[in-house]
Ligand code: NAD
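Consider the single chain below, provided in structure tokens and representing the form predicted alone.
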């Protein structure tokens, strides 16, 4: 098949492009390199630097494309609180621009990488797709708006659409920005470098950490699965891990004791997150294969930032 992957030089995008190429598909990549790196792409992929709001460029890239993966987005919850206008412009405006181009060219299917952050704080766990969203950040609002546009324009244009609500993805090569870094690579970096881990509140708040290869499996399945048009599907591990337990697992994997600094006030995130994977199993034939301990180990061994550090056999 012929694919276009927006945001394809990023963490998830790069892993997806490698998988698609390994399966024998032709892949075009569009990325503005605000967070991506073309060096992570295989030579078989066709890369173009550009903005997802550039309609003429999209029309060119979409020629003969059968399926589009839309991964281009700003992704930091805390950053979105400071820059809501930028998150709206990229995550909502960019999605609408892409949908216009896809409609005009006549692409068959579009798969949106959405987010579990849309659910917000819910009284019941695990989180089912039928729950009413309660977004708590501009990032979550932008992803919910993108889902709504994908569903609506998909219906109006007879375009097949699938929205995957991806929970806390992690794995080798995940970006580690100075501000607002993702928790797993940040904690690994701090423990291995004998730095401190800041834990807000009791540390009992939970997340659903899903390994990058499992996310890619779900994305690949969504391109060709039957009977998924207009569906929203969770992609997570189905396991609920507290911050305290994450610290303990990192200590066990690295063989080092973490220096934890506890801050009384809670962070701005939700208190609990765990994905219900019933629809993913039924519609995509997908279940995650990598438990957190194994995913942490793979990250340490495969990521050059950590690979030189000693890893415990425990």
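Treat the numbers as computed from the prediction; the structure is a model and nothing was measured. Positions refer to the first chain, counted from 1.
Beyond the structure shown, there is the form predicted together with nicotinamide-adenine-dinucleotide, which is absent from this document and is the topic of what follows.
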Task: Every residue of 120, 129 and 135 near nicotinamide-adenine-dinucleotide in the model of the complex, heavy atom within 4.5 Å - done: no
- [ ] Would you please decide whether residue 12 lies within 4.5 angstroms of nicotinamide-adenine-dinucleotide in the model of the complex, comparing each non-hydrogen atom pair?
- [x] yes
- [ ] Classify residue 80 as contacting or not contacting nicotinamide-adenine-dinucleotide in the model of the complex by the rule of any non-hydrogen atom within 4.5 angstroms, answering yes or no.
- [x] no
Open item on the list: My question is simply whether residue 90 lines the interface with nicotinamide-adenine-dinucleotide in the model of the complex - judged by any non-hydrogen atom within 4.5 Å.
Closed with: yes
Task: Any non-hydrogen atom of residue 35 within 4.5 angstroms of nicotinamide-adenine-dinucleotide in the model of the complex - done: yes
- [ ] Scan 113, 98, 218, 150 and let me know which has any heavy atom within 4.5 Å of nicotinamide-adenine-dinucleotide in the model of the complex.
- [x] 113
Task: nicotinamide-adenine-dinucleotide: the contacting residue among 146, 162, 71, 184 in the model of the complex [heavy atom, 4.5 Å] - done: 71
TODO: Could you tell me which of 278-286, 60-68, 35-43, 249-257 sits within 4.5 Å of nicotinamide-adenine-dinucleotide in the model of the complex, going by non-hydrogen atoms?
DONE: 35-43
TODO: Taking only heavy atoms into account, state which residues of 46-61 are within 4.5 Å of nicotinamide-adenine-dinucleotide in the model of the complex, ordered by sequence.
DONE: 50, 51, 52
